[in-house]
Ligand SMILES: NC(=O)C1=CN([C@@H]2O[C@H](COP(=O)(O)OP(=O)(O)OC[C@H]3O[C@@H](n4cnc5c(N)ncnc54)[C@H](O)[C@@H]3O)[C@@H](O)[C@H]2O)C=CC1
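Take a look at this single chain, the form predicted on its own, given in C-alpha cells.
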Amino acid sequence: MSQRYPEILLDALHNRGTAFTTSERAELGLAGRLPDAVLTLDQQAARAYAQMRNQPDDLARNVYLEQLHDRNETLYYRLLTDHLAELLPVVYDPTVGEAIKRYSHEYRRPRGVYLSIDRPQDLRPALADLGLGPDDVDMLVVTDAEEILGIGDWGVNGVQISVGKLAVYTAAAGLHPGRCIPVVLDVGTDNETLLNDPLYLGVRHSRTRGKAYDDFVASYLATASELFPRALLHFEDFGPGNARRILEQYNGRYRIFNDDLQGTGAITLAAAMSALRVTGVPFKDQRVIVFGAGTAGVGIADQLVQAMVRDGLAQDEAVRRVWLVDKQGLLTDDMRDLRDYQRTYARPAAEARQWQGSGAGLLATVHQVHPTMLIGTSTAAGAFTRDVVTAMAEHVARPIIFPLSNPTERIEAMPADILAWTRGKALTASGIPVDPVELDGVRHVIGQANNALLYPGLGLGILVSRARRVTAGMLLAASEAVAAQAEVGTPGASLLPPVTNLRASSATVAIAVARAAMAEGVADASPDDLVQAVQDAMWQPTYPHLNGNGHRSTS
C-alpha cells in the first residue's frame, strides 16, 4: 500500500475517520487506531451537525467547519451540502470576514498556494509541485485581498476568501475539491494593523504596485494557464484600481472570470429581469441610479447597459440612462479623481450645475432624474433614507430598489422600511438574507441577490463545455437562467429563487451557460446529452470504494 496509517488519517481528501470499515482498517494498517464502532456517513454528518450547532456563535461555527474541512473533506462537504442555506453565511459572507481578520492569530495549517511577490521565482514551482497534471485541475480562485468584502485590505489573510469561494463551488455545483486550488497573491498590505502585528503571516511591506505588480499578475496567469489549461481562473476581491483593468486586459487571452464585476452584475441583472416581468416596462425605458461607483457598482451598470442595448438602444444612449453617485456626489466629467472605468458614466459637469443650488447628492439626483431603478453598492448604511425612497415613488408606479451592500450594518436600507415607505409598491431585493415582510395583508418575500445563485453554475457550465473564455452571452444566459427560476406571478413574490436548493439551481444555470458557449463557438466540448453531462460532472460527497493503494478516484 502506498498510503497507510498515519498518512491516510492526515489526508483530508481521503480520510473517512470512523467510517473506515473493519476490512479497510486491516488493509490500511489502522487496526487499533480508531474506536471500534463503524459509522455511516449519515451518522457522522448528524453528529457533526450537532457539534456545529452547539458552537456559541457563527465565528466559532466557521472555525469548527474549517477544522472539519482540514481532517475529512467528504464529511465537510456532506454537511455543507445538506445545510447549504444555513451554512452559506457561515463558511462565506459575512462570517468569513471575521475569520479573515483573525487568520494569522488562528492559523493552524496551510490550505492553498501562497505566492509571494518577494519571491517571484517560486511562482512556477509552487504550482507545478502540487503534483497535478494538465487535466487534473478545474478551478483556481485567486485573490490579492486588497478589497475583501466590506472590510478592505487584509493581505495574506485573504487566502480564506479563496478557500471559502471554492467551498461554495463544490457544495453548490459539485466541483471536485481535489481539482480546485485556492491561491493568494501576497503582494503586501497597506493595513498598518497587520504590518505591526508580530503574528501577521504575510510579507511585511506596503502593497507593491506598478510594473512589478503587473508582471507578477501576468506571470501568474501565464503559468497557471500553461500548467492547467482546462481550468477556469477566477479572480476575487482585487482592488478597484486593478480588478477591471486585469479583466479587460486578459479576458480575450485566458479563461478568466471576476465575480465582483461580472458575477455581481449578472445576479443584479437577473433580479432586474424579474422585476421588469412585474412592471412590464422594458429595459430601454429604464433610468438607473447606481449609488456606489466601485467595481461592483460599475459592473452592474455595465450589465444593465448591455441589456438596454439588446433592447434597442444605441450604446451611448444606454450609457446616458445610468447615473453613478458616489461619496462625492454625482460623478461628473470635471472630477479629477475618477478612475478609468468610471469615466464612461461621468455626466457633463453642466448637467449638475443646472440643478440650482440643490447640489448633486443622492437625493438631489433622484429628484432630478426620476429613476425607475435605484441600486446600492455603497456600504453606506442608511443611505436610502425615507426621503430618497419616497422621492422615487412619486414618479414611478413600481420603483425598483435594490440595497445590495452587506453585511447588515452596511445595507443602504432595510427592505421592510422600503416597502413601508412606498406602501408596498417597491420591488426590492437585498444583498443580505432578510425575513419576509408582512404589509397590508401581503407577504413580501425578499430575494437575496447572492452571487452564489449564479457563479457556481456558471463555472460548472464553463467546465462542461470546456469554453475557452467567458463571454457576455454566457453571462446573459446565466442571468436569464436564474431569473427564470423565480415565480413572480403573485403579489409579494421573490424576484430571485431561494438558496435552499442551490445544486439544482446551479445545474440549470450550467446547462444554459454551456448551450450559450456552444452557440457562440467558444466551446471545445459539445455533449449530445447536456443535461446528463452536467449531472455526471457534479461530484457527490460520498465515500467511494478505495482502490488497491488506499486512494479514491478524483474523476
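Quick note: we count residues from 1 along the sequence shown, nothing fancier. Since the model is a prediction, treat every value here as computed from it, not as a measurement.
Beyond the structure shown, there is the form predicted in complex with this ligand, which is absent from this document and is the topic of what follows.
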- Give a yes or no on whether every one of T295, S378 and G431 sits within 4.5 angstroms of this ligand in the model of the complex by heavy atom. yes
- Partner-contacting position among T189, T422, N406, T170 - heavy atom within 4.5 Å of this ligand in the model of the complex: N406
- Query: Considering this ligand in the model of the complex, which of D153, E73, D302, D260 comes within 4.5 Å of it through any heavy atom?
  - Reply: D260
- Does any heavy atom of E147 come within 4.5 Å of a heavy atom of this ligand in the model of the complex? yes
- Task: Please check if K327 has a heavy atom lying within 4.5 Å of any heavy atom of this ligand in the model of the complex.
- Result: yes
- Query: So in the model of the complex, does T264 come within 4.5 Å of this ligand, heavy atom to heavy atom?
  - Reply: yes
- Although this ligand is absent from this view, report whether A449 comes within 4.5 Å of it in the model of the complex, heavy atoms only. yes
- Query: Based on heavy atom distances of at most 4.5 Å to this ligand in the model of the complex, which listed stretch, 315-323, 285-293, 389-397, 119-127, is the contact stretch?
  - Reply: 285-293
